[in-house]
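As structure tokens, one chain now follows by itself in the form predicted on its own.
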Amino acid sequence: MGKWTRRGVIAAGIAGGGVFAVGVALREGHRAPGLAGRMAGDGETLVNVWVKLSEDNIVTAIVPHAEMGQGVFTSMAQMLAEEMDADWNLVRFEQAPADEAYANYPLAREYLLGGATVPGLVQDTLNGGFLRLSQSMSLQITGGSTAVRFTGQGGMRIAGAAARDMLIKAAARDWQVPRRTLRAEKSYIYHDASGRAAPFSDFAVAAGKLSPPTQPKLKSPEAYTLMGTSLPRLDLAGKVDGSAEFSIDVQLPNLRHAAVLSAPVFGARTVSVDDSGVARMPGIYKTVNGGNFVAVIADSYWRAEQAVAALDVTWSETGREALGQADIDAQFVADMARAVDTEAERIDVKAGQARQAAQEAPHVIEADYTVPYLAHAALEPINATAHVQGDKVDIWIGHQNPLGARDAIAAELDFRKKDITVHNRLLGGAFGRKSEVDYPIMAVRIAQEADGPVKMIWSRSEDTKQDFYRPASRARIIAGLDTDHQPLSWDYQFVHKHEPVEASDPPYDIANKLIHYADSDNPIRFGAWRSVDHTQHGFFIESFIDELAHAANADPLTYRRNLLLDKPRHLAALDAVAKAAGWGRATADGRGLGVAIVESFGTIVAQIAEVDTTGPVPRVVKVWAAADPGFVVHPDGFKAQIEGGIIYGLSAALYGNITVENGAISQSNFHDYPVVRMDDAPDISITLINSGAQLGGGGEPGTPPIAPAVANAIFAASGRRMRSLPLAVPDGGLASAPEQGPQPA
């Protein structure tokens, strides 16, 4: 949900036209008949909004999420097929169109209600209200680990169970038998008493005329036959044989290509553009002055890229041309100091009297930590293909919120929503960047200057320099300790607060907590980055807990366990990862083990990293992880997500560092913004835990624990406490640390 809090969503819904008030008089009802004309092809029946059934008994799950490597088409279809009792060999998927009818209201409902049970009499009305709310928010987002735990649990499972009930009801009417005497299994309806059996497809048309139940009975885990198994991914074959189409693969008749160059300093505008030299280059069609960007349209991308680099552009001054990274860092320090005990102090969590307890404590420890700006660095750079014909727009794009992209284009460029068609394609990586609407709007603006379709591709440099960045941050933590060095108080100040709201609150049993933050404005664009605020807070909190364990002369894992005695899921994750890694064993000279545990997006992940510090840069040899998402729907896919999260977080921990110089981003490509490559990726071992808790996410939670686990392992190996990221500087060696160990306040 990005920046939306539960309170914010409700407030926005009310402010946006009394959505919930209207919802009282609105029932979702049976919307499938009205959508069948556009969603069902020849020989297909739209049984309900999310399920199609064909004459050859093929079940198609209509999924309101984008596929960016996480396997969402498979997991959503798997959850639907489980409840429908469908034969997996007959299951397919289709991405929902960018249309109000497919606004993702199950995600909004589950996000806001947290799985709460709602009486059946008001469920349809509630669904109608949430549908209106989701439509008002253009909600079709993929991100925040929302798919399985919200859309899957509250949408796909219910849709599958409803379709099964509708088919059974239709069969009961056709066969003139009681519904209770029928059962569904592998896409067939059976009447055991008479020996009759028929495929789902025989009853599809009749079932599609029935109103779907709003609260069908769902299976309990012991009845699952598909959920919890590693079924073959439905999208895998196309990715292996090359037939899968990413947005950068789109080809159209008479297609031209565009390369772009945006203002290097955020907020600058074009003063002048001299393209006299470009016009003589071969294959050039047109130069476009977009105000805050310039573009060249040509007959190939490479010619367009060469031409845009040759433009002579003068940019306006913003007053930020002298801004450097040191200025931003100094402002963080000043704003944090200014905020303490003033009206500028933003209280996040308050329990007990943290400052008073620290003053009275036998021991006080404090430490400062910093993390840098980070780019998304998705493998597939920003791109989109647009075709504008009069008042009609077609855009082929890989976007995390295609409905939101459509509506942003309409609002920004004065098109009617109904005249914009978004053809969403596979995303070659995103991690939050492709939820922004800057690039679809830019693509349409460029296409308005052409007489045919135009494919806009950003260079890697443009992608790096024009990102929406994970914000840099700074934190100071002060802990008051008792005579046994157990924490009595936790005074935690940091810069910037985004989402999720709970990210800054540690899981540990500490009676007195004051968690507060300072705002510190600067022009660097903020963007949701994998796990959002959990990446900063995971590093800050888990590094400091390790420092407290060292001050107590205690084993870091045992120290954590003693502060988590009321958190059985956390304890189980720690115990599982400790067993897998052989925690407590002797390590070779120069090697160390570090541990961290973070709960994010409903999933608890504990990690242990083994790091070798004997070389010129720290080398992460192996990572063990234990993850508890409540229930693992697709084990192989979930493991892949945790592994991917670890690699992504490890790139940031070791190397990631976006800096500002002369008001602009300094980095431009993988030579100065490196990522973990195959030859330095660690061996990874994953332990999965099905605790039975409410479902958690899989795409985000693997990332936050890895940076503190590695930093703590470096300390265990070398005695150097790493309080700043990245941990490996570009020219080799360990990054400098402010201090060598915990410091008394």
Partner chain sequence: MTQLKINGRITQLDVDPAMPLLWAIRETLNLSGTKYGCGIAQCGACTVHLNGVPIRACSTPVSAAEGGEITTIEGVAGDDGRLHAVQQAWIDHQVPQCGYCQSGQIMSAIALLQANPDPSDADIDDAMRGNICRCGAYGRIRAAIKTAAIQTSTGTQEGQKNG
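A quick note: this is a predicted structure, and the numbers were derived from the prediction, not measured. Numbering follows the first chain given and starts at 1.
The form predicted in complex with the partner chain exists for this protein as well; it is not shown, and the discussion that follows is about that form.
- Site annotation in the predicted complex: the residue of 290, 352, 267, 428 reaching within 4.5 Å of the partner chain with a heavy atom is 428.
- This chain lacks the partner; the member of 478, 377, 632, 158 within 4.5 angstroms of the partner chain in the predicted complex by a non-hydrogen atom is 377.
- Residue contact check for residue 196: none of its heavy atoms lie within 4.5 Å of the partner chain in the predicted complex.
- Among heavy atoms of residue 305, some come within 4.5 Å of the partner chain in the predicted complex.
- Taking the partner from elsewhere, residue 369 is found to have every heavy atom lying beyond 4.5 Å of the partner chain in the predicted complex.
- In the predicted complex, the partner chain sits beyond 4.5 Å of every heavy atom of residue 348.
- Per the 4.5 Å heavy atom criterion, the partner chain in the predicted complex is contacted by stretch 64-72, the sole one of 690-698, 64-72, 51-59, 712-720.
- Scanning 633-649 for heavy atoms within 4.5 Å of the partner chain in the predicted complex gives 636, 639, 640, 641, 643, 644, 647, 648 in sequence order.
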